[in-house]
Structure formats: C-alpha cells, structure tokens
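Have a look below at one chain only, the form predicted alone, in structure tokens format.
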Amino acid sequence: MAKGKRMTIQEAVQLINDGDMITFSGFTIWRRPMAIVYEMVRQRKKNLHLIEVNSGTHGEILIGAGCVKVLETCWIGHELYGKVGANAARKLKSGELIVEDYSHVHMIMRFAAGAMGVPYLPTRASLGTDILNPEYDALGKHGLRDGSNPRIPRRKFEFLTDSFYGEQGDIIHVPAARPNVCIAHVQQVGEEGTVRVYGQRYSDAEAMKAADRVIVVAEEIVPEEVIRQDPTANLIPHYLVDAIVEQPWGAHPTGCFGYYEVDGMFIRDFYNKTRTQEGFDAWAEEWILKVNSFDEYLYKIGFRRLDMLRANSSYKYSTRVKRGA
C-alpha cells in the first residue's frame, strides 16, 4: 500500500500546532485516542484550546501535563472510576487553565453548527439557568472575545426573538465550534481514510466535520474497496480525513466497543495518584515520559491484562472482566 495519508503516531502529532483548538472523538472513557494523547505530552504541545462535548481521562492527562490553556466543555471526569477531573480543578484554581462552561446540549449544537458550516444554531435549552449568566463568561472576562482569534466567538450566547412566527420568549443562538484539529479513535479506517465506527457513534461525525484537519487512529486499516462495500456502515468519507494511523489498543485505558473494555483499574489508579501536581508528574514520568512508544506502553501493561480486557468476538464485550465490583 502506498503511504498516502498513513503516518506514524509521531508524524501525526506533528500536524498539531501549539495554540491549536483541538477536539476528540468518543465519550468520557470510550474511544479516546490515547496513543496520540501520550505522544502530545512527549512532544510537549502547549497553549492548546481544548473544546469538547465532554472530556475525560485524555483531557485530564493533557491538562495535568500543562498542554492545555483553555477548556470548553460541559463536564470532565472518569465516570465511575473517578470523580470530576482533579487536574482540571487544580489548574483552574491556580489560574493556569481557563474553563468555559456550556450545557451538554449546547456543546452538541455547537459542533452541529460547525459541521454544517453555519455560525450558530438556535435553541431554548438552559433558559433560566446560570449557564447563561454573563458573569460566568470566562473567555469574555479574560479578554479573549475581542475578535483577534477567529476560532473564538465574539459572544458566548446571543438572545433574540422569533421573527418568523412571533412566538414569545428568547431564542438563544449558540455559536459554532470551529476547531483546527479533530483527533479520532475508531475501529476501522480505509486505506484512503473512509471511517467506520461500531457501536455508539456519539458526536464523532459532527466533531470531525467541524474541524479543519482530521487525524484518525484505528484499530486496523482495511482495504478501501472492502470498507466501501457497505457505505451505510461508514461514518465519514475519505476526503475529510488528513492522516490515518494504525494502532491496535490505541484507545487504552479507555474502551473500544467490540475490541476491548475500559481498563477501569488503570483509570482509577490514575485518578487516585494525580490529585496533586507532584502525583501527576510522577505518574506521567512512569507511564509517558519514560516510555518511548505506545507499543512499549502496551508491553508495560502486559499481555494478561490486555487479554482480560479483550472483547469476545460474538458478544462484543469481555467475558473475563468482573462487573459490578
């Protein structure tokens, strides 16, 4: 196969510039491109503007490592394996991180608007809540809505009335999300970039379409003529993708439906050890900075642990993971 869009993890991360607005595929602790995240820390990316529907373990790692300057999301944490992100909270309190808070549905609408190529979408969601309180416009208070950055809207929200039917009450205009880069982890990608996702797709299509550049990490790269035989199963076409990377287990410790489970023990250990900056630095030294590649990281995790997480091909989930404990 000609190289084309195919890259190594190291080459793909070089497409991400310091100061870029970035977003990711997946949902909290599912299908996050962790192989790319670890390499971003190794390459010491900085001043990133992370914008997501919600964030998780991957965001906590980038924030703890000092890669992120601005976070726009509705939530960050590790679901049942840890409370709301300790690294984000610590950096926010110290003034090292600016956090802009939107509701979940607002973030979905922002990415939908970005994917559609329109500047905003209307909604009535969150009326009467402090989500809309101008006192909590963090980007505005930091002087970042002055129009100098074309990725940041000049207003957090706009309030208008209905000019079509004359309905009473405010209509909220939610600004589009316009990231520089979307980094996605998926189950399969074609040689030219056609993306296939099994299981829940979350807001992946909107995130990819809203971004200027798309990097796709896949469990496997498959022949393009094969993946196109069932076009209804594919998420986005090849021409929207700029780089593809084949990395089995590349979402670990988050899960990848049909391939492996979330490594809850690993995430819980990360949460417990990184509540302080000293704890995070020690964890990052062990699991990222002293590990030269993702393959070396997987070797460190060990075959037995990975095999326990591996999904049964019929059930699509692991029959070896103890649940409910």
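The numbering used is simple: start at 1 and walk along the sequence shown. Values in this document were obtained by computation on a predicted structure and should not be read as measured data.
One more form of this protein, predicted in complex with another copy of the chain, exists but is not displayed; see below.
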**OP:** Examine Gly143 and determine whether its closest non-hydrogen atom to another copy of the chain in the model of the complex is within 4.5 angstroms.
**Re:** no
**OP:** With heavy atoms only and a cut-off of 4.5 Å, decide whether Glu158 touches another copy of the chain in the model of the complex.
**Re:** yes
Original post:
Do Ile244 and another copy of the chain share at least one heavy atom pair within 4.5 Å in the model of the complex?
Top reply: no
Subject >> Glu220 within 4.5 Å of another copy of the chain in the model of the complex, heavy atoms >> reply: no
Original post:
What residues of 107-125, in sequence order, lie within 4.5 Å of another copy of the chain in the model of the complex by heavy atom?
Top reply: Met109, Met116, Val118, Pro119, Tyr120, Leu121, Pro122, Thr123, Arg124
